[in-house]
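Heads up, the chain below is alone and in the form predicted on its own; it's given as structure tokens.
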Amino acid sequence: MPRIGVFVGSSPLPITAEKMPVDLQTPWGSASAAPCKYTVGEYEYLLMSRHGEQHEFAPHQINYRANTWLMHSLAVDGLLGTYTVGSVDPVLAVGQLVVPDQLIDYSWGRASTFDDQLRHIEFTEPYDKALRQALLGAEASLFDGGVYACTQGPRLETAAEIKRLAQDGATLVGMTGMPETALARELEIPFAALCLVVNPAAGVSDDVIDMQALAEISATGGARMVEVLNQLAA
């Protein structure tokens, strides 16, 4: 049975799942939350709330090393990161689910390696091609490709910052896509991202960003992400 770890972000996944009795302590500190096990067909998903059970950890406070190490210790065959994002590219409408193929890391100060020694991982293609294709094959409406820009947070970006991201080639912006992607590569765990567009990024639209609207889109988008997981296991 394939076992896939899923890092769940600000878009809750409406799933009834069994919390696993695991020790959250790792060599890198405490993980955010105990994973919950969700089985579909021959797939076993381990869902972890990266922000904590009460959504208490801001993006820069998450212990990404502990979270990734705990999934590794549970012998996952792959990792999937789910994210709520803003669209830097206006082609990507609110509600669109996107499977990016590249990223740019603008975060800083986050522990991004398990090694005390100098180590260079190969990171030309940050997301695993096979896992990306499996996601895209599971749901025809997913948008194939995009560049995820990871900013520090927890504040949203200025219009000038988004303009810079667009000039750099970014099409999506979020706050939690790194360093978990690189940490998974260090542990040789296939990793892919599934992004839900919840708003046009600052300056992309004339509309003011409405935090309540973002929360509502996140809630409905979580159900669609569950459908993708179910189809992946079909």
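All values reported here derive from a predicted model rather than from experimental measurement. One-based numbering along the sequence shown.
Note that the form predicted together with a small molecule isn't included here; everything after this is about it.
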**Asked** Which of 72-80, 149-157, 105-113, 127-135 has heavy atoms within 4.5 Å of the small molecule in the predicted bound form?
**Response** 149-157
**Item:** Non-hydrogen atom contact Asn63 with the small molecule in the predicted bound form at 4.5 angstroms
**Value:** no
**Asked** Are any of the heavy atoms in Thr84 no more than 4.5 Å from a heavy atom of the small molecule in the predicted bound form?
**Response** yes
**Asked** Might Cys195 be said to contact the small molecule in the predicted bound form, defining contact as any heavy atom within 4.5 Å?
**Response** no
**Request:** May I ask you to check whether Gly174 falls inside a 4.5 Å heavy atom distance of the small molecule in the predicted bound form?
**Result:** yes
